[in-house]
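Just one chain is shown here, as structure tokens, and it is the form predicted on its own.
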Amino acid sequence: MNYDFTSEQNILKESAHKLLAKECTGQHVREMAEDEQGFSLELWEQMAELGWMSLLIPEKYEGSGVNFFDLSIFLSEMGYHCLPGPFFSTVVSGGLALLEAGSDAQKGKILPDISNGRCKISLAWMEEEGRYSPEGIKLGARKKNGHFILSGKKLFVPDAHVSDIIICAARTSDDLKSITLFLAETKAKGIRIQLLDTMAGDKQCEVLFDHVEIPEENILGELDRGWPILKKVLLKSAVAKCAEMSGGAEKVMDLVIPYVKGRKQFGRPIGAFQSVQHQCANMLTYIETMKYLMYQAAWRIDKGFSFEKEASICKAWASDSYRKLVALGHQVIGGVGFMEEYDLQLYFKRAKAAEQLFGDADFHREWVARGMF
């Protein structure tokens, strides 16, 4: 397997880097963390005009139809610049769910609007127990007069406060594995959304469903068979999140290496000290391994091969490695790295948040172990 970028992929990477370096500075990220909306509408429209929202969407739905590996290149650049906003929740998690299970009518109605930046989507599955299993989904859906009535609460729903549609996982029978996915419009009667305070400043929400009526045609996929779809989407999203994390890790390296070359102590750069060199070598080991595990999983997704084991290995390693890499960066740079004005603290927060998203290292190691026996 050759993971070297093609000339076209290098152009994609350079164009993404150029725009985000100009529009998504550290100051912008800090401002968006304090902003209730959490993203710049102007930047969102620029991204839509450049076709970023349409990456995974087939051409028949006004998309670009690129592969998952190409998407990972964009996500890496977004992680490098700590891009805030609903891109991941809309294009990756929401878009993948629609592509996996949407009917022709659902795809024809929603995907062109995603492609053009007019529609934002979020995926709601996590509840109070915090379990990545069908047993952890308690929000109920009962059928009544051709509709399903949804009642319950979802937690940590990304960007729900600016989304037009929430893809909600609900229990539709007493069978523990009977999970169904529903397309719920956020303006529907009975839906209440509350922003949560988060360390990273990302916009996670609590979404309350109070007897929300969902028409039967808004079922995504098949009744009672939503969990296999959701599991597949979560694993692909985990690989995509690893791509974002690898970009953030590269940025941390780009902050640390110039610092150790320029910062002098005892008459010479601190990078001349063996202990600092060892820390930097460990950081490089973490990032290179993270990237190649991610590339392998993305390549298998594109080829249509089984990817579940590779996705879990990748997320387990990235969850640990990104956090350790940023911690080493802080050790090398020292106290200035924790100051709000210095960008390294942004990556510390993002690393901790990303560690938990789509399953932490222990969770994915358990999934790998189960597949071995």
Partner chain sequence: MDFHFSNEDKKTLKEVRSFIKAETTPELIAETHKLGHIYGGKEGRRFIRKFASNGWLTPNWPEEYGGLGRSAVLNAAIREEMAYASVPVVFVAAHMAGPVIMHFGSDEMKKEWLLQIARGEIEFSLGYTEPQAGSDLSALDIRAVLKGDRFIVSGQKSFNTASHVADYHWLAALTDPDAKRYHGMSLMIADLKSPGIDIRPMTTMAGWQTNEVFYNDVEVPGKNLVGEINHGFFYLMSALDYERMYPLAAYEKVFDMIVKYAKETITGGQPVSKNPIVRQKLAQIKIQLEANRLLYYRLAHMVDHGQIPNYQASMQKLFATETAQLITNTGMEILGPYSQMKEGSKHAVLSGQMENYYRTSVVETIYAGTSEIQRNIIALRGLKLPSK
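Model, not experiment: these values are computed from the prediction. Numbering follows the first chain given and starts at 1.
FYI, the form predicted together with its partner chain isn't displayed, but the following is about it.
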Its partner chain contact in the predicted complex: residue 190, any heavy atom under 4.5 Å: no
is_contact(residue 87, its partner chain) in the predicted complex, heavy atom dist at most 4.5 Å: no
Its partner chain contact at residue 225 in the predicted complex, heavy atom, 4.5 Å: no
4.5 Å heavy atom contact, residue 198 to its partner chain in the predicted complex: no
Heavy atom within 4.5 Å of its partner chain in the predicted complex - the one residue of 99, 176, 257, 208 that qualifies: 257
Interface residue in the predicted complex among 39, 317, 52, 61, criterion: non-hydrogen atom within 4.5 angstroms of its partner chain: 317
Stretch from 268 to 276, 198 to 206, 110 to 118, 177 to 185 whose residues place a heavy atom within 4.5 Å of its partner chain in the predicted complex: 268 to 276
Residues in 59 to 73 with any heavy atom within 4.5 Å of its partner chain in the predicted complex: 69
